[in-house]
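Heads up, the chain below is alone and in the form predicted alone; it's given as structure tokens.
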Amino acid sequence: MRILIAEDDNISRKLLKTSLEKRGYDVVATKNGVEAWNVLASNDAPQLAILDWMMPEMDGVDVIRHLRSAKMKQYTYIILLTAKGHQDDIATGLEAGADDYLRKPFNAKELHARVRVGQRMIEIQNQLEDHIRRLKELDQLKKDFLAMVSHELRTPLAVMKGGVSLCLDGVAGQLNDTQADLLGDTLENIDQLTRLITDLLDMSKIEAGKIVLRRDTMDLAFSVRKALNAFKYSAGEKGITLKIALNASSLPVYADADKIDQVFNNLISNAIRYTPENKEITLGVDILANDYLCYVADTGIGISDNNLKKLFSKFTQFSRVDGPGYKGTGIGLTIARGLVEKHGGKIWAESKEGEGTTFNFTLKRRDRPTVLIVDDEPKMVDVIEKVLSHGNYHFLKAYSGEEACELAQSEMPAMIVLDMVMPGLDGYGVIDKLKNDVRTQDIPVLILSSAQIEPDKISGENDAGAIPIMTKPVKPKKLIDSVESLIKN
């Protein structure tokens, strides 16, 4: 096993190196934190490091913080070597990311014991990462298989539907009443299977992060009225009354109209299925301080507390009350949740058995695209906002990488203007974190930085070629045009 040592004192460094090499370890000895960081940032970095706290230029704790905030392929177990014995000092080192510590002057037996603990932890970590990788591969195979089968079933179903429809239209000859009834049932089941396949494809796209929102200013009130008209006939067949509860005739929101229609359709279809005859269902939108609260409230049989907890779980099947009854596929509500969360909203259900169920979801009350500006210099943030203020945008501001990720995940902006050099989590870390989250991975990013960009650190399909890069200072018109283009596309 290779071990990295970072110690600026020659005697201590030689003692550490000699003691470890006698036990058969391959030791890489460095004289300061900068040398240590260069080794740890390399492709063949050791997985165990012993770092002295007090070193010139970059101390051991600084090295640890850089390491923990950087994107590394493997975990590095770190033992902090320190002459500081106060509990607060030890806590500072551990909070920075050290796994263990060793006080100076060190004892050889204690050194080897702590290194052996590190070895065991590294072995466990490597095994865990290997299991996670295999599980991800299996999960991806399952998703690919599901998407492939669903896609391939569409063509034969379309042919079957076409043939049955021609027969019902009399193109293939006159049908008697029994034949027409049988073919009518067949066509109805083909349509049901087609809807199921469409749901499976949508679900696989959501899970793979391939659902791309095409947002624009839409009218939420129009979407509610449209949904009511779409389900008037099916509700009327059961004697169910559909009602609308709106606080305004127009409710502008910046969202994907087709996806919001799909959410309403899934929730209303679900409500009609579980609402008895001659009852009512209400579609409504309440205006909150920062959100629209959309809801579909039925007066059906309700959902038991036990089933309410697993309502949005994929493929979870149950009737609304314990015992026999219609069991849903568990797909429609999963899709609705995915689409709402993709918009940065939340979805949940409230229910009382025998009284009915209300499905609620929220959407941000914004009628224009949101631009998230990220820079650790407040003046620079203000300058960018002023340059873009002539556009029809809402602005969010973040002054650190950590704050940027939190805002992006909670607010789902239309795009991000990102500085790359920031303390703590830098721009590379922000891109990596957001692009590995299915909710935020398709948010466009515009890099605006004075530093030289390193393409190798922006890996995968979201490499530097896919992310526009501008160097500070930037011409205002060029920035305005780039932001507008990214949002439109």
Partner chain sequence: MPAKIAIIEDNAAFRKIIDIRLKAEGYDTVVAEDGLTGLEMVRNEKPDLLITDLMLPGIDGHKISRMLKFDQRYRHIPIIMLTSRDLEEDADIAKQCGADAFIVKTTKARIVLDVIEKLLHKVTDFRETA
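Quick caveat, the model's predicted, so the values are computed rather than measured. Numbering follows the first chain given and starts at 1.
Not pictured, yet referred to below: the form predicted in complex with the partner chain.
Residues D219, K379 and K397 are none of them found to lie within 4.5 Å of the partner chain in the predicted complex, as judged by heavy atom distances. When contacts are judged by a 4.5 Å heavy atom cut-off, S234 does not count as touching the partner chain in the predicted complex. Residue contact with the partner chain in the predicted complex: R214 places a heavy atom within 4.5 Å of it.
In the predicted complex, the partner chain stays beyond 4.5 Å of every heavy atom belonging to E95. The shortest heavy atom separation between D169 and the partner chain in the predicted complex is within 4.5 Å. Taking a 4.5 Å heavy atom cutoff to the partner chain in the predicted complex, the contact residue among A248, A158, A83, L128 is A158. Scanning K364, K342, K259, R114 against the partner chain in the predicted complex with a 4.5 Å heavy atom cut-off leaves one residue, K259. Of the candidate stretches 158 to 166, 300 to 308, 411 to 419, 116 to 124, only 158 to 166 has residues with heavy atoms within 4.5 Å of the partner chain in the predicted complex.
Using a 4.5 Å cut-off on any heavy atom, the residues of 182 to 205 that reach the partner chain in the predicted complex are, in sequence order, T194, T198, L201, K205.
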